[in-house]
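So this first bit is one chain, no partners, the form predicted on its own, shown in structure tokens.
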């Protein structure tokens, strides 16, 4: 005899699924649009959760700011007719209550809310005593402590199932992406919270349809747990963010094109070879640390010499010389300019700190 899953069991099964795929329109516009999108997404056999924006925080007034609570029954109907679980964004206590009243399965907290501790605390307080999974987007600005703080507030409210959404960060002068992915920050957050699913939002990172496949592949390549991609039955005529939405059929093509890599292998020969290479990495890392430590001892000597001769710590012309020469050498060795600059900045700051301790002694 086959026992049908309860709604809670179905929710937990989807929550633990990998990859976890969430899709749906940026904004719920009409009942027909929401329900039809859900049906077409379910027909792909690849989507687990229907997302739709009910309330839409906009950068400037005058744009479509969401249909409001009247769209929540549309999500209920879409779930009934498609079998997909539902998710929507909430930004305050009233929205939390409305979404829960209409049995939305999963709530997410947007980037503009995550960035504001007052708003986060209001949402956290509204969630006390509630057993619902919560996804938390990274804050608009690249501040991992704000992101971690948002997670902590939700966890302290008693929420057991918390996930993370990497949607990119605002950066001045950025032209390639709508929101720069800043992968090191997202990876750092995943390492801080290894038990929480990390889902990438290529739609908001790219801001266009063309980059979604490439960005999705990158997320899977670094072992993120799923994707949240905006889809619409008529993207060109969407009421918000039309350029970054795709049809359910195009979503199906993208998901079929992704190379779904495994986090590990059961092949003993592969594991042995990988372990040998990792051992080499460990040895090289140890050697790097020894060399850097020796470099700092020389910096200490320079600091003492500067102190004895009443010389300032910072020598801009000397530093520019080092940067120019090292970048040139590094690029010839196959290292990226961006990496070399970040490495040199870190070494320079540590060297200045060493010398400052000596001058202050």
Ligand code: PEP
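It should be emphasised that the depicted structure is a prediction, and the values quoted were computed from it without experimental measurement. Residue numbers count along the first chain shown, from 1.
Keep in mind that the form predicted together with this ligand is missing from the display, and what follows is about it.
Residue heavy atoms within 4.5 Å of this ligand in the predicted complex occur in exactly one stretch of 106-114, 285-293, 251-259, 185-193, and that stretch is 106-114.
Among heavy atoms of residue 79, none comes within 4.5 Å of this ligand in the predicted complex.
By the criterion of a heavy atom within 4.5 Å, residue 209 is excluded from the residues contacting this ligand in the predicted complex. Contact between residue 35 and this ligand in the predicted complex is not found at the 4.5 Å heavy atom cutoff. Among heavy atoms of residue 204, some come within 4.5 Å of this ligand in the predicted complex. Contacts between 343-359 and this ligand, taken as any heavy atom within 4.5 Å in the predicted complex, involve no residue at all.
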